[in-house]
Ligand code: GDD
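Here you get one chain, nothing else, as structure tokens; it is the form predicted on its own.
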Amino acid sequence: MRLELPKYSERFGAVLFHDVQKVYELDGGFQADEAFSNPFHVIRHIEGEKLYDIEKDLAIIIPTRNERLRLLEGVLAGIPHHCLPIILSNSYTDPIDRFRLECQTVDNFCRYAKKKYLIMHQRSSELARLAQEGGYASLLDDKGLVRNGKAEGMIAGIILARLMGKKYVGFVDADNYFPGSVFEYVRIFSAGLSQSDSPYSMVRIQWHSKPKIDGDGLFFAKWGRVSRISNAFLNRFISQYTGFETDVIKTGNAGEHALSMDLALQMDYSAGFSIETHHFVNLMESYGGVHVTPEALPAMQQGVYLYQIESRNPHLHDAKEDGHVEGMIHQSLSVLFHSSLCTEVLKTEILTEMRRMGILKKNEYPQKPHYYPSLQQLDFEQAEKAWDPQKHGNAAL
């Protein structure tokens, strides 16, 4: 893959936010190209061998909830062969057992593709036992099962990836209509992670466009309804400390993102659709240097690198209702509002915007999200004793 070098970066303590990189070639060749060894070159060539080295240690988490089976199969088709797909389903099991149909679809596809996989239901007792035995009961509800929600499925996916010995973990939504875009996302994950000289790194994808039907044709929108707002306030969040206006953040709600396992285990998480925006907030709270804790020192000393890379493929997924979009905006801005780093001036701006949009009434305030502690608190040795991956796919074969 050939990538444009980031034009500029914004530093917030030990965190380095890189501006968006553009993809110049999806396939830049398998071996190193000497023409790109010049340190002044503006294009970075990442040979296929490096991408392969990342992908064989990369798990791709696919949270799904009652998505069309053909879409799920298409997502699997787009994942490079040596990555491990981990499907976390929270689909209905009554009156029609959608999860059973998903298991059949995934197993049939992977049998033909000779591909390893894991699939588990988010509300299964087996998954809950991993959290319980590992001492991470905060992920469980009053029924002793993993809580409902996309964020909770993502956290469970990280746990499974760690138990399978993976060094990297990426996330791809299950409602993607283009398998080719999924393939590009995973390649971008590998390319981004390979650039880092720190074990603490994250890659986030900025969609090239989101096609929408406009009259008799397609309109390729650049920004989603939620992204416009969350990106603007995240940049204001940075500016309130640096004193310089910035627009470096362009992936505040990127569902497609990847992390090194070292960083994934260190970060805190928030519930619901706020989880993506909370990534940024947690990085600044934990490694920004405003509040320093002993647990954060290793990452602060080596640096935390965040890469944003623009895809070439458009992103086409199911359109969401207005109420769903407003809920995402509410949750995204709530993590900013309730952050210990949020100034009173920025809180006022957030309240003004949410009331202007009708998300909050005059005397209402953003609801504080539910937070989950770092996965470092989970005892993986104990969890592994309660874990039999052969019951949930063929990844252990």
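Position 1 is the first residue in the sequence shown; the rest follow in order. Please read all numbers here as calculations on a predicted model, not as lab measurements.
Form predicted together with the named molecule: not shown, discussed below.
- Screening 83 to 91, 192 to 200, 241 to 249, 290 to 298 for residues having heavy atoms within 4.5 Å of the named molecule in the predicted complex returns a single hit, 83 to 91.
- For G327, no non-hydrogen atom is located within 4.5 Å of the named molecule in the predicted complex, even though that partner is not displayed.
- Although the partner is absent here, A174 is a contact residue: one of its heavy atoms lies within 4.5 angstroms of the named molecule in the predicted complex.
- When the named molecule is considered in the predicted complex, A254 lines it closely, a heavy atom lying within 4.5 Å.
- For the chain shown alone, E55 is not a contact residue for the named molecule in the predicted complex, no non-hydrogen atom being within 4.5 angstroms.
- Residue-level contacts in the predicted complex: of F273, Y117, Y269, F99, one residue has a heavy atom within 4.5 Å of the named molecule, and it is F273.
- This chain appears without its partner; in the predicted complex, the one residue of G303, G149, G180, P314 with a heavy atom within 4.5 Å of the named molecule is G149.
- Residues P63, T64, R65, E67, L88, S89, N90 are the ones in 61 to 94 with at least one heavy atom within 4.5 Å of the named molecule in the predicted complex, listed in sequence order.
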